[in-house]
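Just the one chain here, the form predicted on its own, laid out as structure tokens.
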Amino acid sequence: MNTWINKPTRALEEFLQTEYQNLLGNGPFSEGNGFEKLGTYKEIIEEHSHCAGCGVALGIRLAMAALPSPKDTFIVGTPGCSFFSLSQAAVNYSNTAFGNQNAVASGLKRMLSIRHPGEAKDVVVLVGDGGIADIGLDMTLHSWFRGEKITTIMVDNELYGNTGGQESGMSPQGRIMNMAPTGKKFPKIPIYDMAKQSGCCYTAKVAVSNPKALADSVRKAIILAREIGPTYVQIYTPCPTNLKVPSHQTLKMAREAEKGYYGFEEFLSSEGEKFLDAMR
């Protein structure tokens, strides 16, 4: 795993837009770039396919900037809004069928462990709430039950954004949306609590309005997954388009949620705590 797999063949390089070529040379992989230098380099191309003010795009950018070892990280995705930026970023990325991303990530992690024994090769699932909590819930939970050493990151916009704004299992109860005109009928699925009960040694719940806590959570999750077991980070990434909110108010929505039901939470198992203490 290295930057060469993200570079085009020389015969096709001239046809790529200049911005993407610059991203390859000065993106998350470049030496010295990281979360601390966020804003001095690009994580994705500017003309990506996300809506203006998209919380998912912001969550993905922050998560990618926080990767502890970008060159040795493989991100596994699934169809949905998250695909739009991940497919246009200079990262090791593979898209899967909707919902089976944790199964694919499990096999990939095992293969990398055999092919690169003793080396840290991080496998990170980075998808939306529909892929993890709804369609992919069974494979998500079973990867945790098995103790797969992968990190699962949910960019939670609390709805199905790219298919018209219908409710998802992560939508809050009572929320009115395009395809839920009378409001969501049941509570938000407690995936964060389920992760703690299903074998994850580290879990965190954070909003995009708290970037430092987000970056710290992503780093901890990936480092712990290398040695201890599965980890989970849930990021609140509001969708202004389908919630009918002006695009410039995305962070305002996130801050309001952070003060209420989406405040920062973190869980660390005793084994995980000992591991981090030993690293200090």
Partner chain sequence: MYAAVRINEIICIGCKKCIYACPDPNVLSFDEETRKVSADESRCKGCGLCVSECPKDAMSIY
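Between two forms, the rigid core is defined as the largest C-alpha subset superposing within 1.5 Å. Positions refer to the first chain, counted from 1. In this text the structure is predicted, and so the values were computed from the model without any measurement.
The same protein also has a form predicted in complex with its partner chain, omitted here; what follows describes it.
Participant: Taking a heavy atom within 4.5 Å as contact, would all three of Thr40, Ser49 and Thr250 count as contacting its partner chain in the model of the complex?
Facilitator: Yes, because Thr40, Ser49 and Thr250 each have a heavy atom that approaches its partner chain to within 4.5 Å in the model of the complex.
Participant: Taking its partner chain as it sits in the model of the complex, is Cys54 in contact with it (heavy atom to heavy atom, 4.5 Å or less)?
Facilitator: Output for Cys54 is yes: heavy atoms within 4.5 Å of its partner chain.
Participant: Looking at the partner-bound form in the model of the complex, is Ala254 within 4.5 Å of its partner chain by any heavy atom?
Facilitator: Output for Ala254 is no: heavy atoms all beyond 4.5 Å of its partner chain.
Participant: Using the partner position in the model of the complex, report whether Glu14 sits within 4.5 Å of its partner chain, counting heavy atoms only.
Facilitator: Flag for Glu14 set to no.
Participant: Indicate whether its partner chain has at least one heavy atom within 4.5 Å of a heavy atom of Pro68 in the model of the complex.
Facilitator: Although its partner chain is absent here, Pro68 would stay clear of it in the model of the complex, with no heavy atoms inside 4.5 Å.
Participant: Looking at Leu58, Leu243, Leu224, Met64 here, can you tell me which has any non-hydrogen atom within 4.5 angstroms of its partner chain in the model of the complex?
Facilitator: None of the others qualify; the residue that does is Leu58.
Participant: Please say whether, between this form and the one not shown, the C-alpha of Ser269 moves by 2 Å or more once the core is aligned.
Facilitator: No, shifts by less than 2 Å.
Participant: Would you mind telling me if Ala65 and Ile45 are closer or farther apart in the model of the complex than in the shown form, C-alpha to C-alpha, with a 3 Å or larger change?
Facilitator: The answer is closer, because the C-alphas of Ala65 and Ile45 approach each other in the model of the complex by 3 Å or more.
Participant: Between Leu23 and Cys81, does the Cα distance in the model of the complex come out closer or farther than in this form, changing by 3 Å or more?
Facilitator: Relative to the displayed form, Leu23 and Cys81 move farther apart in the model of the complex - a change of at least 3 Å between their C-alphas.
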